[in-house]
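A single chain comes next, written as structure tokens; it is the form predicted on its own.
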Amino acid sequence: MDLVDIFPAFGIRIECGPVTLRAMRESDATRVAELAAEGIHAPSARPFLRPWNLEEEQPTTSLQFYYRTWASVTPESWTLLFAVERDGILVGAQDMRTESFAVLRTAETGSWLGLAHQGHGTGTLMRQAILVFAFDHLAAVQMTSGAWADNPSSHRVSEKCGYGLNGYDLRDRQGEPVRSDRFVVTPGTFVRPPYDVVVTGLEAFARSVGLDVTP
């Protein structure tokens, strides 16, 4: 018996041209930690709720986050974690998280790219890949995302994928009130990638979370 037979989420793989999203595993933890340590954003930028990538404990807290996420997957509440590669090189991470997906058919995505790999269209492709997976393979009716008002790079990726502004919240970011913008995209507004998207490992995962989907 392979690990993917026990935990089917580990078998999901999404290929979109030069970009591949493959389910993150424990063996990826050190590589992802090293990539984050090399830099995710300019020193003056604050794209996250807290600067987790700059913290001395980052490798440990990241691994703890992965374990908590894997352990908490249920049909009612699940998060998929992906390591993102471009041309076989690890460049970042993508996730998709949801609750009551079988009823609501909506989920939220989050992602980051290593600083050295930004500016080449990878952020847009990885977001488009996860949206094709959600809309075409999981029958999602809408997908959401969020970004700080002072994070124009994330805003541009959302716009390129067909998201529209869907309100905002004021949140405490490291002791300062900052506007967090919300975005939503539907199958009708989605701007598709210029590549075919190939998904493997769908059927077993769908069964594991109680979804009846057609591959």
Ligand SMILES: CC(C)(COP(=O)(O)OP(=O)(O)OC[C@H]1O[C@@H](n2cnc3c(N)ncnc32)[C@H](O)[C@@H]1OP(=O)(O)O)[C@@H](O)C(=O)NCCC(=O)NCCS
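Only a predicted model underlies this, so the values are computations on that prediction, with no experimental measurement involved. Residues carry their position along the shown sequence, with the first being 1.
Same protein, other form: the form predicted in complex with the named molecule, not shown, and the subject of what follows.
Just one listed stretch, out of 146-154, 165-173, 26-34, 59-67, contacts the named molecule in the predicted complex at the 4.5 Å heavy atom level, and that stretch is 146-154. The named molecule in the predicted complex comes within 4.5 Å of a heavy atom belonging to T124. Interface residue remark: K160 is counted as part of the site for the named molecule in the predicted complex, having a heavy atom within 4.5 Å.
Taking the partner from the other structure, the named molecule in the predicted complex has no heavy atom within 4.5 Å of any heavy atom of Q142. By the criterion of a heavy atom within 4.5 Å, W112 is counted among the residues contacting the named molecule in the predicted complex.
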